[in-house]
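Two versions of one and the same chain are coming, encoded as structure tokens; call them structure 1 and structure 2.
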Structure 1
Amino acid sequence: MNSNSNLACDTCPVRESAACASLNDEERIKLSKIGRHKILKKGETLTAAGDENTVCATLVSGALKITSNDRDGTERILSLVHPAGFVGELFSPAVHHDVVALTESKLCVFSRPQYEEIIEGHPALALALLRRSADDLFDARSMMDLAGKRSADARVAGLIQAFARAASHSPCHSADTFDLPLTRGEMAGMLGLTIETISRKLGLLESDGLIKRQGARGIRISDHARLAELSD
């Protein structure tokens, strides 16, 4: 862990897009006083289910997953967090889900009670978080939709499309070459399938000519139309 009271917001890569972008300079300085940077290495956890709920954070770079674990050890991925995303369960006394780094990640961490205090005094921040929360809710529902499709083919095809959309950060049209951000196991966890099924379905998608694979992670979509049809 790397801690630092100089948040240096001026050089922050998400200063335009994170919730704190809604604050003016003076307000942001106030916020930066209660925040600190933290680096999580791949696989490290920020907060675990059951912890006392004391922190919240903005993701500066990297990627996080929000997960729950069955007692038998199976991990279920509930959400992915991208840079500028906000994590933390405001208003709740305990943490319900694990938050784990998918890759080395840089966070801007705040004490939750202090952050809540600032929210209450700064309407623009509340509004920005509301917007972000509405997006998160929409994402969660999209994911429920995806994971609820009957066939494994439709789920895998839909997930690939979702990643393609996320990869090209223009929200309208999707990238056609990108790297899968997750392992087979993590994809399985998102879709409620097994590692083997993911692997097989990817193989099928390739042999049917919908995608082309480059190593284990690289994907090129060759037939957007058929992929979309499959996923629907």
Structure 2
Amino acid sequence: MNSNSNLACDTCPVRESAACASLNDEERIKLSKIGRHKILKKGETLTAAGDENTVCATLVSGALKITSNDRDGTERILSLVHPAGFVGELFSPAVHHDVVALTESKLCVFSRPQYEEIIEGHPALALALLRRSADDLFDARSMMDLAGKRSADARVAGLIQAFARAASHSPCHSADTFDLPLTRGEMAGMLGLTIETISRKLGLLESDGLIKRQGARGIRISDHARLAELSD
């Protein structure tokens, strides 16, 4: 895990969408003094279950997964974190889940105790984090609900829709193009399917004209309406 320079809020690409958007310029400066950038390479861990809970972070670019492991060591992806997302278990002495980079990821990392002090003095930031936590909880439940759908077609279509919503900068419209944040194996594990089924269903979505695959991970949605209908 590499450390970079101090925060540069004026040029931050998630300045207007992260929880800290609720702060004024003076308050941002105060927050920036307790944080610094960190770069995680793909597969690197920010925090692991059982660690002393000392940091929290805002994701600037890249993608993260929050995971737990069963007794037999099988990984379960609980949720995904996209740019402007917040990670960290505030007001808890220990970490309960792993936070791992899916791709090279840039984060604004803060001392958890110091961040909590700022939250206590800035109700607008606390409210923004509460709203984001509610949205994240809804997204996580929606992801988990996909595995309960009867058909593999509906599961895969629903997951593609979820990725498109997460990749969009608009709360009203899903992205038309994006990169898959998960491998075929991770998608299979999340949906309770096999890797072969995931590959086959993606191929069918493409041959039916709903999506177009672009390279190893790129997806372009050609028909949002039909994809939504299939996922129901």
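What we label the rigid core is the largest C-alpha set whose atoms superpose within 1.5 Å from one form to the other. These numbers come from a predicted model, not from an experiment. Sequence positions of structure 1, starting at 1, serve as the residue numbers.
*Asks:* Tell me which of the two structures is the form predicted alone, please.
*Replies:* The chain shown as structure 2 is the form predicted alone.
*Asks:* Pick out which of 83, 90, 145, 126 lies at the hinge where one rigid part swings against the other between structure 1 and structure 2.
*Replies:* It is 145 that lies at the hinge between structure 1 and structure 2.
*Asks:* Quote the angle in degrees describing how far the smaller of the two rigid parts swings relative to the larger between structure 1 and structure 2.
*Replies:* Value: 19 degrees, smaller part relative to larger.
*Asks:* Give me the C-alpha shift of residue 217 between structure 1 and structure 2, core superposed, in Å.
*Replies:* Residue shift at the C-alpha: 3.7 Å.
*Asks:* Aligning on the rigid core, what is the distance the CA of residue 197 moves between structure 1 and structure 2, in angstrom?
*Replies:* For residue 197, the alpha-carbon shift amounts to 4.5 Å.
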